[in-house]
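Below you will find one chain, with nothing else, as structure tokens; this is the form predicted on its own, and questions on how it binds or moves follow later.
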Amino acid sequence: MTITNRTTDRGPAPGDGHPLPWLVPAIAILAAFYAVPVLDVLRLAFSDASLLAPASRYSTDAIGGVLADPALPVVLGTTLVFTLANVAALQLAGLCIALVIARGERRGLRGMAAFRTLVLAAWVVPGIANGLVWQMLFDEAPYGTLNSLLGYVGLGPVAWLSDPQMAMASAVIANLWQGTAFSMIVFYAARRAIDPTLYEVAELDAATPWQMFRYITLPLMRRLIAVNTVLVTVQTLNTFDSILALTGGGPGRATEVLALFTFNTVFYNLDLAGGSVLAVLLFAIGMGCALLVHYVIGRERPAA
């Protein structure tokens, strides 16, 4: 079969085998909105810029100052704990809810659409509002919502936000409540894409639900699990608004993650150069996590 090139008054036709003319507008838009800001952040990281004055000279002083900051290791440790806890919890909660909804729909149970909507409702809540809502729930006064419920069953009030360990747990719970919907959407779509014939054949072979989950569901969802892991990790690394409203990073630095540390550096310390260095560090960590997940989970396995 011979493919002939077609041209129009506006240039080459879509099927002529030359994709570059069609990619140039998209590349230009991405460069304008993503590449240019990233390059400017790299420029500011080597400057002495602040929110009060533009850059007057360029050096590595800002990088050295940030790396020598004794608070940075503490913040990185807090970020690691917060990210690992959230990624694991978000994956598990989203997968469980998606499988419950898919199983309920397969059995014709009523209320599955309402359940999906209820889970998705938390996703549209802004991060600041999410933090404020959970701050009221975690109020440590005896009349606080959760402490009042605990009081009804004879348990004492819990220091949800003033105890460092409980503050971290509270921040994870607040982020989990809001972010589970995204993982649920990804896993629900992946589960619906699996051919139901595979499960019917497995049932004929007397496979248990656990065996079907282990040998059918998980292998066929592996690529989507890798994609969701990357997206959830990047989202969690960039979370600061709900923590800002919930704990402000306290007590001490118990919940001050890297994204919030960057925010405080720029808008409280007015250090634009230092904040740019932290932003580059945050970008590098996110990219490293994405590559690691792709290497561990996302690669195609050779056929046995």
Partner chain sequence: MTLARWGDVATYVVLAVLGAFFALPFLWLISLAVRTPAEVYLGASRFIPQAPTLDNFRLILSDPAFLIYLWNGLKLSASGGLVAVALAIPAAYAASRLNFRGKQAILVGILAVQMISPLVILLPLYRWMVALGLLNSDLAVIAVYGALGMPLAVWLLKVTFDGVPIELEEAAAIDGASRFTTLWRITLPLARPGIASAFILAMVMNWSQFLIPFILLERDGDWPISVAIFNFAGATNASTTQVLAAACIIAVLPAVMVFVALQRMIVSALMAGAVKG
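These numbers were taken from a predicted model, which means no experiment stands behind them. Residue numbers count along the first chain shown, from 1.
The same protein also has a form predicted together with its partner chain, omitted here; what follows describes it.
Residues of just one listed stretch (73-81, 230-238, 159-167, 213-221) have heavy atoms within 4.5 Å of its partner chain in the predicted bound form: 230-238. Its partner chain in the predicted bound form is not approached by Ala62, whose heavy atoms all lie more than 4.5 angstroms from it. With a 4.5 Å cutoff on heavy atoms, Thr180 counts as touching its partner chain in the predicted bound form.
Within this chain, Gly252 is remote from the site of its partner chain in the predicted bound form, having no heavy atom within 4.5 Å. Within 4.5 Å of some heavy atom of its partner chain in the predicted bound form lies at least one heavy atom of Val124. Applying a 4.5 Å heavy atom cutoff to its partner chain in the predicted bound form picks out Ala259, Thr262, Phe263, Val266, Phe267, Tyr268 from 249-269, in order along the sequence.
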